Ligand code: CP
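Just one chain follows, in the form predicted on its own, and it is written as structure tokens.
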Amino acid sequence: MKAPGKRDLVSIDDLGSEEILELFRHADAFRENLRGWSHVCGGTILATLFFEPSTRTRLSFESAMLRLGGGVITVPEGSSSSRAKGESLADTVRVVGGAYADILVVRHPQDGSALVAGRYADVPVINGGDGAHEHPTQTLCDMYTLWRERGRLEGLDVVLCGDLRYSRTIHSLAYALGRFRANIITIPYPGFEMPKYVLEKLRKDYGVKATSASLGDLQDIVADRSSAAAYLTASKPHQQALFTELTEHHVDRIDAIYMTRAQRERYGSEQEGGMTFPKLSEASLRSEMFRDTRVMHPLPRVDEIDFELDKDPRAVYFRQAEFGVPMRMALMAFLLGKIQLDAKPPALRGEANYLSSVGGFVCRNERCITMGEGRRYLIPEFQVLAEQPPQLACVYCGRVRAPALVGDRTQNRCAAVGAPWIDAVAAADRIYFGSEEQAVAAGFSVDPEVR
């Protein structure tokens, strides 16, 4: 399993806030003279294992390593690798992460795949995008862009617009914005709202609460005026619970608009149902509230931003892509131990409340790696978020699921959630089931009231 002492970037949470800011300063230094750093990683080899299409992420990583003086080997697509023969990701990274390469960047279609790669590889692993889950290096580039363009991160008002459900860049960016106490206005395509598990993580980990937003001129960037907007903030305390609409926050100035395309590779085209997607143009930005707004996009662009906007000085998406090279230079140099950071790393993820699914309880996210290739070799793991009522988050993809039954391992007995005797069962002795059939198959007796 994971080699002791190595650092991976599976999630944006793997970097502390001060570490991120320090990496920005290193990226600035690299950017001043991209050709002046070929001595940093001489003799080092990067392997880019991309099982999904990519242009900017793969090429910027490869360019970054070459500018640091290292070499690159690559798997540009899954069909050209042994994955097409059925090889597991775990086996691939164990082979490549050693004599073949000193650091890996992995892009994979299944949520949670980056965690698997990090656990099985002996060298540092960077998540280049795992399904619809996270894309932390894109987030570093996005936050670096905001930091350079706005001079700060705290207190910014940032609009996230488009496919907020399937966009992994949006999920990682939202976590980072919440951590730095920036404010988020979400304007999704109808039916493509921010997932509840992302909102729950924002609330639980960063204290981000939501209130409704007074759209005003924000309506001009939405083709379908029925699209709902929410204002999420950690810096302005609200008494309302998550998802409340009792109070409106009036937004009068926008620091950045982050547009995203429809992630059609992650859902069937029939899901669109003839809907009209938001589209940004110069006409959309005529209001005073957008006078100094920065327009961002992770690219590739399809038709959600007019080409005429490219000439507008507020459009920074191509500069945002350019920043990917020095930012990734800084990240790889750090993970390889070539530069040191004064900032302290984040606390290790607490695994005391992790549990393995010995009773058949599984994640229900069909894109989770534990429901895909991981069925062959992974035991589903969950983090206990709450005991009453029980809420379990998949360690791999983050999706939250409530069990139907809770049992006592010491007595091989279980009952429906809420049964009075369960409260007396020690947390270490509890076991969770998704159904009565699972419990019976595991050899547990089921209290009659669930039948």
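What you see is a predicted model, and the numbers here were worked out from it, not measured in a lab. The first residue of the shown sequence is 1; numbering continues from there.
What follows is about the form predicted in complex with the ligand, which we do not show.
Peer 1: If we define contact as a non-hydrogen atom of the residue within 4.5 angstroms of the partner, is Q138 a contact of the ligand in the predicted bound form?
Peer 2: Flag for Q138 set to yes.
Peer 1: Residue-level contact is defined here as any heavy atom of the residue lying within 4.5 Å of the ligand in the predicted bound form; does T57 satisfy this criterion?
Peer 2: Within the cut-off, so yes.
Peer 1: Please check if P346 has a heavy atom lying within 4.5 Å of any heavy atom of the ligand in the predicted bound form.
Peer 2: P346: no contact with the ligand in the predicted bound form.
Peer 1: Residue-level contact is defined here as any heavy atom of the residue lying within 4.5 Å of the ligand in the predicted bound form; does P298 satisfy this criterion?
Peer 2: Looking in the predicted bound form, residue contacts with the ligand include P298, since a heavy atom lies within 4.5 Å.
Peer 1: Using a 4.5 Å heavy atom cut-off, which residue among G36, G418, P53, G42 comes into contact with the ligand in the predicted bound form?
Peer 2: So the residue touching the ligand in the predicted bound form, by this definition, is P53.
Peer 1: In the predicted bound form, which of 299 to 307, 147 to 155, 283 to 291, 176 to 184 comes within 4.5 Å of the ligand (heavy atoms)?
Peer 2: It is the stretch 299 to 307.
Peer 1: Under the 4.5 Å heavy atom criterion, name the residues of 92 to 111 that approach the ligand in the predicted bound form, in sequence order.
Peer 2: Contacts from 92 to 111: just R107.
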